[in-house]
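Single chain ahead, by itself, as C-alpha cells, in the form predicted alone.
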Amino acid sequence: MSPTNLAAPTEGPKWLVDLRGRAAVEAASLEAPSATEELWRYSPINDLNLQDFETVEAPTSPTLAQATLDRLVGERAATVVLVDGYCSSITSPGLPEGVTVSCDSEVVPTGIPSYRSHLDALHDALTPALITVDVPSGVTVSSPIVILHELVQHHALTAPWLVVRLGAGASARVVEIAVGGGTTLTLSSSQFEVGSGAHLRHVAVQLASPLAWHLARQVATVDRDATFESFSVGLGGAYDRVHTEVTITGSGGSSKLRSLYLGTDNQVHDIRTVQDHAAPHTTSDLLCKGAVADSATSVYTGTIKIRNGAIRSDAVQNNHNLVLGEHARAESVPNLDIQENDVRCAHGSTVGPVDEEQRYYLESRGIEPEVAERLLVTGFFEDALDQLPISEVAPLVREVLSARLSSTLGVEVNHG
C-alpha cells in the first residue's frame, strides 16, 4: 500500500497546504489498515494496493453531472460539481443572504480528528480543496444544497472534503451524490457542525462504478437542542464503506441515522457507526437496512456509547438484512459502551431470507410465489425509503434501486 506514486496538490490556502504536509508525515508513519483490526474486520481492505492508483493533476470536464442533477426534483439553493475531487463549478441561485458555499475557504475547520489510520491521513495529504457550507445563526435554507462528486479518470485516487457548519437555530438540507468512475479509489470526508437549536438534514447517495472503491467518513457534532438527520444510500461500487460518528455534545441534542444498501455480484457494503452521547438528556435513533444477493457481502458494526454523566440518554440501534442469494453473506455486530446507569439503550439485529411466514400468508391468499417475493422485498425497501429526510432526492434513489432490483432479482420497487 505504499503511496510513493501519489503526488499531493500544491494549490490552495496556506492552512490547507500546511495541513497536507503534516498529514503526509503522519501517513508515512502509520501502518496500512488490516482486516485483522476491529475497525476493518470482515472488510476486503487487505486487497487494496495504492500502487494501482494515481492522483489527478489536471481534472477533466464532467460528463454525468448534469444528467444526474436532472433526475432530482424541485429547486436547489446551490449546486457544487466536483470532478475527481476538484471543484468544477458552483451555482447558488437560491441561497439566503449570509449563507456561503465555497471551494476556497480561508477558514480553518475546527475539530480535525486525529488520524487513526493511514487512509485518514492520506485523505488530508491529497485533498485538492475544502468545500464549505456555512449557514449563519437563525437562517433557514429551504431548498437543498447539492454536492455532486463525479469520478472521471480511471485508476484515480480522489479525496473530496466537505465541511458543513450551522449556527444556532439555523436549518439546512445537504445532499451528496457520487457517480461515475472505473477502477478508482475515493477517500471521502464529510464533517458537520450543528449549532445549538439547529437542524441539519443530510443524504449521501453512492452510485459509483461497479469497479470503484468508495470509502467515506462522516463526522458530526450536535450541540444543545440541535438535531442531525443523515441517510446514506449505497448502491454502486465494488467496496462501499461508510463510517459515521455522531457526538451529541449538548443537552437535548438528537441524531437520527439511516442507511440503505443493495449488494449484488461480488459487492461489499460496509457500514460502521458510532452514536456517542456526551451530554445528558440526549437521544439517538439508528436504522440500517439492506439486502445482498449473488455473492455480495454486507457488514454492519455499530457502537452506542454513553459517557459518564450523560444521564437520561436514550439510544436505539437496529440493523436488518435480507440475504437473497445462496452465496451472499451479511455480518452484523452491535456493541454497547455504557458508562452511566440512568439511561435507556436498545439494539436489535436480524439476518436472513425473506420471512417464510409472510410469504406463506401471501401465497395462501392466492398470490403467486414470485409475486409474493416481489411484494416482500419491495416492502422491505419502501419502509426505509419513506424515511428519506430530503424528498427531492427520492426519485433518483427509487429509480436506481428499482432498476438494480429488476435486472438482478426480477423485483420492482413501487414508485408511488
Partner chain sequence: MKRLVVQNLHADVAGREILHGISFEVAPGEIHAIMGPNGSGKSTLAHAIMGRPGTTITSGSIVVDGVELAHLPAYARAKAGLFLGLQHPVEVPGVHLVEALQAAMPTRSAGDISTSLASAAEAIGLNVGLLSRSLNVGLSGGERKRSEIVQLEVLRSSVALLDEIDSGLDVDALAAIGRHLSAAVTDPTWKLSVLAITHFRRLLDVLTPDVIHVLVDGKLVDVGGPELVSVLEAEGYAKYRTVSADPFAI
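Numbering follows the first chain given and starts at 1. Here the structure is a predicted model, which means the values were calculated and not measured.
Same protein, other form: the form predicted in complex with the partner chain, not shown, and the subject of what follows.
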item	value
Selected contact from Glu37, Asp47, Glu57, Glu382, since only one has a non-hydrogen atom within 4.5 angstroms of the partner chain in the predicted bound form	Glu382
Selected contact from Leu375, Val354, Ala32, Ala65, since only one has a non-hydrogen atom within 4.5 angstroms of the partner chain in the predicted bound form	Leu375
One stretch from 343 to 351, 39 to 47, 23 to 31, 361 to 369 that, in the predicted bound form, holds residues within 4.5 Å of the partner chain by heavy atom	361 to 369
